[in-house]
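Heads up, the chain below is alone and in the form predicted on its own; it's given as structure tokens.
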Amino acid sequence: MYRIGLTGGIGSGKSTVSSYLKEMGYNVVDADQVAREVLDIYPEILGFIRRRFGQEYFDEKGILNRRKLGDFLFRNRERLAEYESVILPLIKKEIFRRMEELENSGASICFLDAPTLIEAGMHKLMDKNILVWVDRETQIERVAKRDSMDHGQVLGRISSQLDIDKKKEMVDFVVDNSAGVEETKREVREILAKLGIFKGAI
């Protein structure tokens, strides 16, 4: 099965590209979705969070407040690294289990949509990699508006990932998502054509 990594910085518009790929009928494994679901698949993660970070990150029904935990972790790099050392191996395990399922079902192409594809080293396991890019100012503006965060919170999230311009050097294709949705879609179709997996009109 042909495996293609799709990544981008927070607020870059990666989800827009991922949704477009799904609309066109491509198989997409969403790492963010997997990250949410592993909390149910591996309940020991919630136990770790309670023991290490406290009950305060859970509501009265015992449901994890992911936003509150995220704000805490992105302000504390050592704690973030500690959390990732526990959850990332399980996320990777589940991602590749799902990709294997697709391959066993006869799928010939699969995209892995992962914001930290490069940081987690998963780009090395893909056949090709695509980066969805925007400039830093656009990133900040989009995240602040989308997630109702202040400037400091946004910068904390952005700085937790590898600089998006450095990611350009580590991928095979770059989609510039600063010129509007239709232009972005056209660039995606061009890349798919170069990969030999797009049959329609550019």
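Model, not experiment: these values are computed from the prediction. Position 1 is the first residue in the sequence shown; the rest follow in order.
Separately, the form predicted in complex with a small molecule exists; it is not shown, and the next lines address it.
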Contact between Arg157 and the small molecule in the model of the complex at 4.5 Å, heavy atoms? no
Contact test in the model of the complex: Arg136 vs the small molecule, heavy atoms, 4.5 Å: no
In the model of the complex, does Ile10 come within 4.5 Å of the small molecule, counting heavy atoms only? yes
Quick one: does Arg146 come within 4.5 Å of the small molecule in the model of the complex, counting heavy atoms only? yes
